[in-house]
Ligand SMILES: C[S@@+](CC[C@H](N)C(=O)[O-])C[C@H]1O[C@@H](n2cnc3c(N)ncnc32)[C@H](O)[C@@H]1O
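Presented below, as structure tokens, is a lone chain in the form predicted alone.
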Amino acid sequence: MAITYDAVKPWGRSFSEYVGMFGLTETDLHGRIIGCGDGPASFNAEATALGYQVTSVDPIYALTPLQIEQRIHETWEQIVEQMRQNMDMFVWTKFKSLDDVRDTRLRAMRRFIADLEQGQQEGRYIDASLPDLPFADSSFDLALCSNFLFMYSDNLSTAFHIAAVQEMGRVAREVRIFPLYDLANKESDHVIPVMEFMQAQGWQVARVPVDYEFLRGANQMLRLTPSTDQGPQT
């Protein structure tokens, strides 16, 4: 079987997962970070509590905390059930069971919801979406996209992916995307076109192994930097 969704689902990851997915170092974390499509992740809330500077963008932030909580309530059981039907697609080391996944995700999303109103007042949660971000060129040091681009390959076109990555590269001097796999547990068909387009625009583009693997085989991020900032492509 394969996991299929008719739309992007709210499913929040934690700070520690972001660190693993994107290979974040202390140097990375002390820069200006934008998370694109962060949804109900607790990355922003936890990073802010640790003194880091993170801005998250997602159209879900147009909703109230109560509305987001209701949307999570309406979808989390469907997500867990799809995982239950595809247990062999996952590596059961970080998480020991489906209950562990469920509890970790719900805990992260509850922390996000508790932080949302204050974060909106502070300008940390912005109602916006790729491929059109309301920021000036080079506003950030690092742009991250977790479990949105490439993962929802059946829902989002190649043209959308290219426009989204190009926009991330406009507002940040480095871009990282994780994972490169789609919901069918294979590398997204959009990866190569995105890489080729961005290389043609003068970016250095590389698949970089990371110390994080939950979806089996999805243990690389795509890293994009301007040609002057990175050595030969690997």
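Predicted model, so just to flag it, every value in this text is computed and none were measured. Heads up: residue numbers just count along the shown sequence, starting at 1.
Keep in mind the form predicted in complex with the named molecule is missing from the figure; the text below concerns it.
- Only one of the listed residues (A172, I60, L180, L183) places a non-hydrogen atom within 4.5 angstroms of the named molecule in the model of the complex, and that residue is I60.
- Heavy atoms within 4.5 Å of the named molecule in the model of the complex are found in one stretch of 25 to 33, 190 to 198, 39 to 47, 203 to 211, which is 39 to 47.
- By the 4.5 Å heavy atom rule, the three marked residues G20, A143 and F150 all fail to count as contacting the named molecule in the model of the complex.
- Residue contact with the named molecule in the model of the complex: S129 places a heavy atom within 4.5 Å of it.
- Taking non-hydrogen atoms only, F135 never approaches the named molecule to within 4.5 angstroms in the model of the complex.
- In the model of the complex, the named molecule lies farther than 4.5 Å from every heavy atom of R223.
- Taking the partner from elsewhere, F160 is found to have a heavy atom lying within 4.5 Å of the named molecule in the model of the complex.
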